[in-house]
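The form predicted alone is given below as one chain in structure tokens.
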Amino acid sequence: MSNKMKTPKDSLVTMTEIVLPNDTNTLNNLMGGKLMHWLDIAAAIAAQRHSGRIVVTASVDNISFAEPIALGDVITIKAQVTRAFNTSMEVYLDVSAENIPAGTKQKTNRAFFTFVAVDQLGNPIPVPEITPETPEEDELYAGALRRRQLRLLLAKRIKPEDAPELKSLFFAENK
């Protein structure tokens, strides 16, 4: 593993799948669990690219289901590390679905996963830092600290007063 500074594009994964009959529910739309499986794979590859190590899924914060994905659609999953902490990495995933015969494409889902890099014995190990390069990467990078603190707060691993980035959500500002 290299300790050199990395960028989000160093971890970028683009994964493409076609929705087949076995992937669908009774409405002929992609099953959410199948999408979550594909998201976990894409996110794990991005985290491995960033860390150069074995990674394990630590949390899945949120998967939004904005639009259904139909039988026969081609989905594209883009995943990249948004921020690296000590041993963990947040991965942002963006999903679009394309109906090739109709010539349409739409954004359907987004998600945030957290992975931890581990050694051969499963012990957490440090990961390289990351430097955002674009305005979108800057925004995801900045938001990652708030999302991390919220994850830790919900898991009862920290108290609200130990989450300074979230203070405005919990305490009214005194003016």
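Note that the structure is a prediction, hence the values are computed from the model and not measured. Numbering starts at 1 and follows the sequence shown.
The same protein also exists as the form predicted together with a further copy of the same chain; that form is not shown, yet it is the one meant from here on.
- No residue of the trio M5, D94 and Q106 has any heavy atom within 4.5 Å of a further copy of the same chain in the model of the complex.
- A residue is said to contact a partner when one of its heavy atoms sits within 4.5 Å of a partner heavy atom; S64 meets this definition for a further copy of the same chain in the model of the complex.
- Looking at L145, you'd find every heavy atom of it more than 4.5 angstroms from a further copy of the same chain in the model of the complex.
- Contact check for L150: a heavy atom falls within 4.5 Å of a further copy of the same chain in the model of the complex.
- Although the partner is absent here, T131 lies well away from a further copy of the same chain in the model of the complex, with no heavy atom inside 4.5 Å.
- Shown without its partner, this chain lists M36, A70, I125, L140 as candidates; in the model of the complex, only M36 has a non-hydrogen atom within 4.5 angstroms of a further copy of the same chain.
- Taking a further copy of the same chain as it sits in the model of the complex, the stretch 110 to 125 comes within 4.5 angstroms of it through a non-hydrogen atom at F113, V118, D119, Q120, G122.
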